[in-house]
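Taking the form predicted on its own, here's one chain by itself in structure tokens.
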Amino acid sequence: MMLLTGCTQRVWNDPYPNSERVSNILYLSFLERPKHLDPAQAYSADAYALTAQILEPPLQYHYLKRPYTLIPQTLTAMPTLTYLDAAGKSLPVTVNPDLVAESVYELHVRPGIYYQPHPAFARDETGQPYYLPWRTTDRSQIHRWQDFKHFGTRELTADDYVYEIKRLASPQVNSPIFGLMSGYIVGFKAYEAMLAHVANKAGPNDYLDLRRYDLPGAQVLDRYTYRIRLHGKYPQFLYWLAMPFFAPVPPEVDAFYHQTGMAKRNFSLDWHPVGTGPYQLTLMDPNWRMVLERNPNFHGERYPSEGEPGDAAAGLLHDAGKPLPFVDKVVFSLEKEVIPNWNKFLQGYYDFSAISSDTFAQAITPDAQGQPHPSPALQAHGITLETPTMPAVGYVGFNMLDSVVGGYSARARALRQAISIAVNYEEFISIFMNGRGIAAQGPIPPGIEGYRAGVLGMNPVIYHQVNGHIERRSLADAQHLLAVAGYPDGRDARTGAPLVLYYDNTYTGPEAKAYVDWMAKQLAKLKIQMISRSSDFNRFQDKIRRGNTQLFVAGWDADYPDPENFLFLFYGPNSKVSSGGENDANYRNPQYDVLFNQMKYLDNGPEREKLIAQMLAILQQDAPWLFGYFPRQYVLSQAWVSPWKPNMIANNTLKYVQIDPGLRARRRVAWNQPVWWPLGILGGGVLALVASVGYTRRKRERSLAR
């Protein structure tokens, strides 16, 4: 048997079928099933990993260009935009935003785009829908997705996009972005109220045909053209048009899934979304595996032929003009534990891998300058490393309503500045993040308009320039500011009482104490005493809503790559306590608010950059946050994966990934050869034992009886 194993290339521990050994398949892992795949509800990275490959919003991000650039996906061109005054007359693009009553976007869908095969599109010989209504005989025979015998398709139309916009207001859907969009899309609030009234009269599971109810803010003009009307001016709306919320949903698919018996069999948009993208979901078993396969009706797309300087040298333009997608199938396997996931990557069974704290030392070796590289063992396997900075920020906020750390007096400002200098986030990144982050100089991360690297973007309150490099100011500077604030040596100059600050957080698990102790140590540099108040997430959010905090841990991930998405976190009218907005520090500076209202309506350019620089200078002086860090994601890829470029905003990037299945198959065989010598030792031991027993028995049989 041992000799026969050498006659095959089959690897004994291969978790995939032998028929896939040299197939053009991308192998990835997932930690847990996404809660929603319905485009009107899905709002998480694990959901987008699937839906963004299936669904096609009208816009997408250019794969290679930075800063992130929007381009058409299913449109003939970028949407046309017209501004109207209160009388409905057109206004010039450069008009004062206060004069804009409506922004009108017109979108033209490209003809010839077809949906993936789906039972909802199936027709019988008379042209009628085969599964609408769902016959009783069908219900008794169909229990799994594979049981459907009839599939069909049809062309993408403007009505499909408008139907999805209407679904955002449906009480049967409860979209998480309805609240935001109701302030912009014309007639959206009234439309939601009307649908709620209609739904109350119908059964809870009855199909609500939204085609019967017109929405003023989303109108079909012809088969391929639709119009979206917004209140006022909202330039950031274009970014939402690149998110699955605005992807098309065919009405007949929605009706198909609302039929009796569908939900019981997990036939729904949450389990089986339907789109025009490069892939379709063919297996949805969240306890084992999720599989995307090439959509046979995909309209086609080409790899970009231009990018940033340096992309060509990095091999990123080698495939320019080639048809997408490159891989035929994407297999996501469930991995609940870090170590098994890592071991399978090392064995070649996953094509990409993140790096956890448990595997960091094994995976990464820094060079003399401290820059990360794959360890020598990984480099010997041809494994490469990408370290993109995420469009996110982690920070500690000051509650500006608090009588001690809040307020806008010179003394309060000095206290926050002193603490900002003392809390060393370079040390935090090194200890708790294995260096996977960048100390923040402000709220805008790299890759977003307004971010400036190095000395140009330095926060002069916290850092200063030394020999062309930026360094955190000394503890003496922080102690001086603390004395200005009225707390020399950490005591109130008037009463002599020690300064005690409360630190609210949601830290749990084995590392919680280490995080809290580190923060206490930072404040202890200034002889400030700290009391940690850890609580569960719901309790913590309640404290934030009520303003019952002093210092609190928080973070923000970008919804879209615009500086407005970070700077609005300090806009006064967005205060958490007064209006329930995302300004959880409750910061309010009239000068900043004026600049924000000017900045948010401008396109990227010199004028906007100037306003952003002024806003950042105000924030740096007022210090409503300990600006914290911008996290970096470390991603390893195997040698058989072609050069790729991380895009931390776009989610539909699997179509750009290319692999060499033959090289992968050879490496798997080489890396997973069975080790036979332990069996040899075991066999030798067994033989020795048998021989010993046989010798003893033979000796006894030949011995003389007494």
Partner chain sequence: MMTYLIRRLAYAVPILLGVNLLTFSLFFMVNTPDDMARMHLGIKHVTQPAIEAWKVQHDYAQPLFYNAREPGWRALRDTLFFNQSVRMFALDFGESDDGRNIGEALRSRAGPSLSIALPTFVLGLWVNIGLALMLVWARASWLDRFGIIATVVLMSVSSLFYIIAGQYWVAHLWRLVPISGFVPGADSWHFVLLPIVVSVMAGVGNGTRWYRSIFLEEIGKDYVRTARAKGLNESRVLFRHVLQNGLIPILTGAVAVLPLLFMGSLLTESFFGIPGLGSYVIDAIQAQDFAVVRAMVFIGSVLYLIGLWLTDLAYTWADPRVRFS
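Every value quoted in this text rests on a predicted model; they were computed, and no experiment measured them. Numbering follows the first chain given and starts at 1.
We do not show the form predicted in complex with its partner chain, though everything after this point is about it.
Its partner chain is not shown here, and in the predicted bound form it never comes within 4.5 Å of any heavy atom of Ser642. Contact annotation for Ala45: none of its heavy atoms lies within 4.5 Å of its partner chain in the predicted bound form. At least one heavy atom of Asn13 is located within 4.5 Å of its partner chain in the predicted bound form. Within 4.5 Å of some heavy atom of its partner chain in the predicted bound form lies at least one heavy atom of Arg700. Judged against its partner chain in the predicted bound form with a 4.5 angstroms heavy atom cut-off, the residues Arg66, Phe326 and Pro460 are out of contact without exception. A heavy atom within 4.5 Å of its partner chain in the predicted bound form is found for one listed residue only; from Phe432, Trp518, Trp556, Tyr408, this is Trp556.
Contact annotation: of the candidates Ala158, Leu316, Val173, Ile528, the single residue with a non-hydrogen atom within 4.5 angstroms of its partner chain in the predicted bound form is Val173.
Proximity to its partner chain in the predicted bound form, taken as heavy atoms within 4.5 Å, picks out 342-350 from the listed stretches 589-597, 218-226, 452-460, 342-350.
Contacts between 664-678 and its partner chain, taken as any heavy atom within 4.5 Å in the predicted bound form, involve Trp671, Asn672, Gln673, Pro674, Val675, Trp676, Pro678.
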